[in-house]
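Presented below, as structure tokens, is a lone chain in the form predicted on its own.
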Amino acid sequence: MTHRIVVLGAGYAGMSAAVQLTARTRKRDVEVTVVNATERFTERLRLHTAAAGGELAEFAVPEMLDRVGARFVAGWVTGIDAGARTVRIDDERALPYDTLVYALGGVADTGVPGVAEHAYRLDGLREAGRLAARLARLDGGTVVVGGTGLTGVEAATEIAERHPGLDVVLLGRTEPGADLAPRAAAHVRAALDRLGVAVRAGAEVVKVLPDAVALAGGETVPARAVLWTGGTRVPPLPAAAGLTVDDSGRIVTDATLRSVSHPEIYAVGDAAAIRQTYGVLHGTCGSGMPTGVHAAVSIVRTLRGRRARPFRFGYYHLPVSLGRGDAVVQFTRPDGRPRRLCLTGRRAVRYKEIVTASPWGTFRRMTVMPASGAFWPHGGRFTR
């Protein structure tokens, strides 16, 4: 009988899993179906560019899946019946599966009051486009970027560069670049100063208002637009289906990326709590794509009656854009801690554009020769 594999999500991890599955099961009785809300592939690591008003390349998910022989289903996933092994779509369809790959990723954490109602988020192209349209209409005033992590830094510098008439304020609890080595962190701070971004480290947002953000201690910062980058969470879909999840809603997996509670379900990318010797992976495309590849390999090995191998991943570098003409690349130890070595300026820009180029070329190469998995240029090394 045909073994039905359903992949939920067509992002970096989901597409990596789907393409690898079809490349490795061409001569087997296996059907691969990918469910995604839109037909366009979203380059999440470039959403800050789209939010500032930049144009992104368009890649059609159905075209790539048709090329490799997978089926595409457009729709929002509304539920998973783990007992019946079906996935419910918003048009009331129920898709049966024998093996499920959960790759729907995460969304912005809207736990702070007012974020959901009054702040823009980088949850997709539509949301990024809404902020871009808002910024284009502004003739002055302040734009607040909430969250001093690297996503906030990339967004603040991009907005400041493309909209020099706006005052950009980057605020959060930690200093920008706090996880980088001193030289790289100093370059980040210099870029923010050069672009006129006002930094408010040590600031805790307690509420987002229609025209301001309220800080702990009673101060308010006026804002004509607020972009929220203060953390992510996984929607409650896995927990509602009865899967074991962690405190952030991520599916807890074993070493082969199977759900610890439902072994017919694999979790990859931002939606998976994948433990390594140094801790749980943090969500990036650098680790997301290898998890998709490894899940596909694990599924194929299982179908062939062989034991799946444990997933092992080590980080290699952390590229950060600082507008279009500047960047920093922090080289790291496998556990993500920074090394002394880093690249800055134009050299970092060239390096970053190579290693974070669109994964479309990688997907195409997978259709000819399945990825071996030794070195992953988007961010690390992994073995399978």
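What you are looking at is a predicted structure, and each value in this text was computed from that prediction instead of being measured. Residue numbers here begin at 1 and follow the sequence given.
The form predicted in complex with a small molecule exists for this protein as well; it is not shown, and the discussion that follows is about that form.
Student: Whether residue 18 contacts the small molecule in the predicted complex should be assessed with a 4.5 Å heavy atom distance threshold; does it?
Tutor: Although the small molecule is absent here, residue 18 would stay clear of it in the predicted complex, with no heavy atoms inside 4.5 Å.
Student: Heavy atoms within 4.5 Å of the small molecule in the predicted complex: does residue 269 have any?
Tutor: Result yes; residue 269 sits at the interface with the small molecule in the predicted complex.
Student: Is residue 33 part of the interface with the small molecule in the predicted complex - any heavy atom within 4.5 Å?
Tutor: Residue 33 lies outside the contact set for the small molecule.
Student: So, in the predicted complex, is residue 45 in contact with the small molecule at a 4.5 angstroms heavy atom limit?
Tutor: Yes, residue 45 sits close enough to the small molecule in the predicted complex that at least one of its heavy atoms falls within 4.5 Å.
Student: Please identify, from 298 to 306, 213 to 221, 99 to 107, 172 to 180, the stretch that has a heavy atom within 4.5 Å of the small molecule in the predicted complex.
Tutor: Selected range: 99 to 107.
Student: Among 37, 56, 68, 343, which has any heavy atom within 4.5 Å of the small molecule in the predicted complex?
Tutor: The residue from 37, 56, 68, 343 that makes the contact is 37.
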